[in-house]
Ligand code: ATP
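Here's a solo chain for you in structure tokens, the form predicted on its own.
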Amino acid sequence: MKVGIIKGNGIGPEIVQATQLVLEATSLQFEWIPIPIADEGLKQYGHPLPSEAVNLLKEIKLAIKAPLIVNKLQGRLACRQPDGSEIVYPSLNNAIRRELKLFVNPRPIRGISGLSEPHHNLDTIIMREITEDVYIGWEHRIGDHAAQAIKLTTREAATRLARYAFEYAKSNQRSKVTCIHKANVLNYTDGLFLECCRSVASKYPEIEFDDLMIDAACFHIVKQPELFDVVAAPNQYGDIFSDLCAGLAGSLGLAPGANIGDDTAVFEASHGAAPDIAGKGIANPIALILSGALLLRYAGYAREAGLIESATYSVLEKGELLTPDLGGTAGTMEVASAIAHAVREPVIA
């Protein structure tokens, strides 16, 4: 199986190595193909997202991406198109998603006994739309006294996201989809997103549907996490809400993710590059390891994906090998090695 590797910045190379170790423990055969993005792209092609890297990702169709550093007040990136024109993206992460035409960012987050109390029963997957909303980057300064951003919502993108959420629920024995929004204030943009979710919901009568305003959803996920199953979210709300859920589970280091398009998928942890701990060998690799399991499931290797997920949660629930963000003292590769061992020699109940 050919899999692209975007090693990222900060702790990226360390957690990529840990993830490769665990994936290889399944005995599947991988051909790891380096993708020159960020620092490698600059070195080889003079651009952090060269067209050569984009074309290689389109050819391979599967990739694991470690976190990339995007500095505050920086990050806008111009990418040349085949016709010679340029598109300016608000960040490198945004550029990767949109250059590859990826449209949904599933972020499954699950509570863990002993680590996530009192939210051990949290088990939700946030379906985040990733092509528009304020993250489209259409903003400008008005002199030195103001700035303005445009929030874009289209019927096509909102309907596509809602349909993906309901199809996922139908295919994965999930019973409910919740749309989060702020349609009481943003009547047109969030109102259209809610309208599209309601329209799609009417075609899936076997799946329960409800909606919550984003502020209310944040309150209820803290108080009653069992109320949430599959969540359909606009871009910005989905980004923020998934980080809240990760915090309830115990750490951003527990939150895997993916970016899915029609024929290409890039799998990534939901957290950042954590340059302050880079090179210390203490980064939590769990989120990227679980993202690797999502890659296998997407590629049709459900059994191997299940082995990785079971092994990962078994190691976490034992509580003997935890990285510092979870209150332990274990190192990155120490945790990965324990998970790889459990994948190779699963405990039969």
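Numbering starts at 1 and runs along the sequence shown. Since this is a predicted model, take the numbers as computed values, not measurements.
The form predicted in complex with the ligand is left out here; the points below concern that form.
Contact between residue 312 and the ligand in the predicted bound form is not found at the 4.5 Å heavy atom cutoff.
Contact between residue 253 and the ligand in the predicted bound form is found at the 4.5 Å heavy atom cutoff. When contacts are judged by a 4.5 Å heavy atom cut-off, residue 271 counts as touching the ligand in the predicted bound form. A residue is said to contact a partner when one of its heavy atoms sits within 4.5 Å of a partner heavy atom; residue 277 meets this definition for the ligand in the predicted bound form.
With respect to the ligand in the predicted bound form, the three residues 11, 284 and 325 uniformly fall within 4.5 angstroms at the level of their nearest heavy atom. Residues within 4.5 angstroms of the ligand in the predicted bound form, judged by any non-hydrogen atom, belong to 245 to 253 and to none of the other stretches in 172 to 180, 190 to 198, 245 to 253, 84 to 92.
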